[in-house]
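Quick setup: one chain, the form predicted alone, written in structure tokens, and binding and motion questions come after.
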Amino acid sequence: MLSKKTKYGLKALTYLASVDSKEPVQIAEIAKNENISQKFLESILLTLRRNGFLGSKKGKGGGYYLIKKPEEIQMTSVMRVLEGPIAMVPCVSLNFYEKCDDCPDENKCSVHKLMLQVRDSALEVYRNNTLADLIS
């Protein structure tokens, strides 16, 4: 299941991508329009800023803004930053691989085979979608 952090992060990114002005948008505006707790949203936006998706401006007229074009923001990157590994089990993860303690042979493991397919299907969707696709 998708975490609220990821769901709200995607909602915030799509909101920022869809505003007419490219001026910074205050957290309160995003929170109100997307029905997200402002305190929770602050930590999500900070994560997105630290990972190169957003810029921020302090003071009057401050807020958050996209630092890349929506078509340059791949969903694989967003999902990994907000949700963590895309794979559902560590033995099929491309970036966070770990051998499962209870599995003597991955090549004979039915769960491993199924989760490889699930991972590859999810990656296909994420790789073929950008933030621009979510707002079109």
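The first residue of the sequence shown is number 1, and the count goes up from there. As the structure is a computational prediction, the values presented were derived from the model and not from experiment.
There is another form of this protein, the form predicted together with the DNA, and it is not shown here; the text below is about that form.
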| item | value |
| --- | --- |
| Contact assignment for the DNA in the model of the complex, among 26, 93, 74, 51, heavy atom within 4.5 Å | 26 |
| Options 66 to 74, 51 to 59, 105 to 113, 85 to 93; stretch whose heavy atom lies within 4.5 Å of the DNA in the model of the complex | 51 to 59 |
| Contact test, all of 120, 123 and 127, partner the DNA in the model of the complex, heavy atom 4.5 Å | no |
| Residue 37 within 4.5 Å of the DNA in the model of the complex, heavy atoms | yes |
| Proximity of residue 136 to the DNA in the model of the complex, heavy atoms at 4.5 Å | no |
| Non-hydrogen atom contact residue 46 with the DNA in the model of the complex at 4.5 angstroms | yes |
| Partner contacts for 3 to 17, taking the DNA in the model of the complex and a 4.5 Å heavy atom cut-off | 3, 4, 5, 8 |
